[in-house]
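Coming up is one lone chain in structure tokens, specifically the form predicted on its own.
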Amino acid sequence: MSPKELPPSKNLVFGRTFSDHMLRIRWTEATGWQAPSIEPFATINLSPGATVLHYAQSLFEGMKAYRHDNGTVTMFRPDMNMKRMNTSAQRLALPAFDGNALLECIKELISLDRQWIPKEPGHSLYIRPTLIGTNGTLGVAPPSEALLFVITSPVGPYYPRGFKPVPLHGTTEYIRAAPGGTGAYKLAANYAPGVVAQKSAAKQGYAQNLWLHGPEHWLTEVGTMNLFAVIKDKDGITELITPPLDGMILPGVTRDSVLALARNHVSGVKRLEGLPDVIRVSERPINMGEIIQSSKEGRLIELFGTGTAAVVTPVDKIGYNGGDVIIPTGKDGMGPVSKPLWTELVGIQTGDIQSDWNYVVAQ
């Protein structure tokens, strides 16, 4: 009954301000899912023995709601987030759920708090669905109680003053994921171990980690983002490369969207202005040896990360084995392939470009 006041958009810091309400859905092994409830944003009471606190039985998703110029509110491809969230739940032995039903609940939450979606261009409402084990009994086992909750947070553009390419530290002393592990799932336990590596990279003057794997130093991900490299082959054909979904790579929604847009361009379904007429789209392994060789030969065009928060993050150098590999960037900080892909993606998300990827929340 006492709604908060939306702070000035210029003061928004990612994840610091939350809207008035949250969604809670409880589950028990005995009764299954209970009735969903939209309640005032508040703390969660947990037993000190809750399995989420001891065994990291926790997963989450990240989505955004956008307000279009005509007032329509949409989410971008949320069905993919629901599918991935259920896949993550299966990996942790947490309860599965009906993704379409959860989307309807999230739709009600956003509609209720739609005034929390900033009106300024480039702004959005970040949506964080989370599922945790809550039973207060020690012992590593499937949880007998769980809580699914959703909170939202107004956010500004990731690059309010234009694109700023980031330097990466080619990390060899830590790994993000390993074959047969949990790298392909959006689990809370995947993120905490990366903080030390991030601090180490920052001390060396780099913004993020470039996660490398194995003695060949295969490229996997950039910080918490998927990775793309653009290289010209020796015949002059541009190749857009991203590591394959081999169990170590998170199947990102933005990653999938970039691949789909690029393939539609190649096939002629929808040509994107600015993209090379001929481009090869590859999901294949790539290692630092290939990056260095293509850089020496002048065939390395660009490298960038993709994710929900920033959409596209260009890279200007990689610190590796005591030196820096310089990555070309354009005048505006982006490269010739990432720029038209980013333009198309943002156009869809903001409603300037019509697409069935937009899920209508409210009109």
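As the structure is a prediction and not an experimental result, all values here were calculated from the model. The first residue of the shown sequence is 1; numbering continues from there.
Beyond what is shown, the protein has a form predicted together with a further copy of the same chain; the following relates to that form.
None of S282, N287, N86, T182 but one reaches within 4.5 angstroms of a further copy of the same chain in the predicted bound form through a heavy atom, and that residue is T182. A heavy atom within 4.5 Å of a further copy of the same chain in the predicted bound form is found for exactly one of I301, A310, A56, I38: A56.
When contacts are judged by a 4.5 Å heavy atom cut-off, T130 counts as touching a further copy of the same chain in the predicted bound form.
Proximity of I44 to a further copy of the same chain in the predicted bound form falls within the 4.5 Å heavy atom cutoff. a further copy of the same chain is not drawn, but in the predicted bound form it has a heavy atom within 4.5 Å of R91. Contact between E173 and a further copy of the same chain in the predicted bound form is found at the 4.5 Å heavy atom cutoff. In short, of 229-237, 98-106, 271-279, 192-200 it is 192-200 that has heavy atoms within 4.5 Å of a further copy of the same chain in the predicted bound form.
Residues of 7-27 placing a heavy atom within 4.5 Å of a further copy of the same chain in the predicted bound form, in sequence order: F14, G15, R16, F18, M22.
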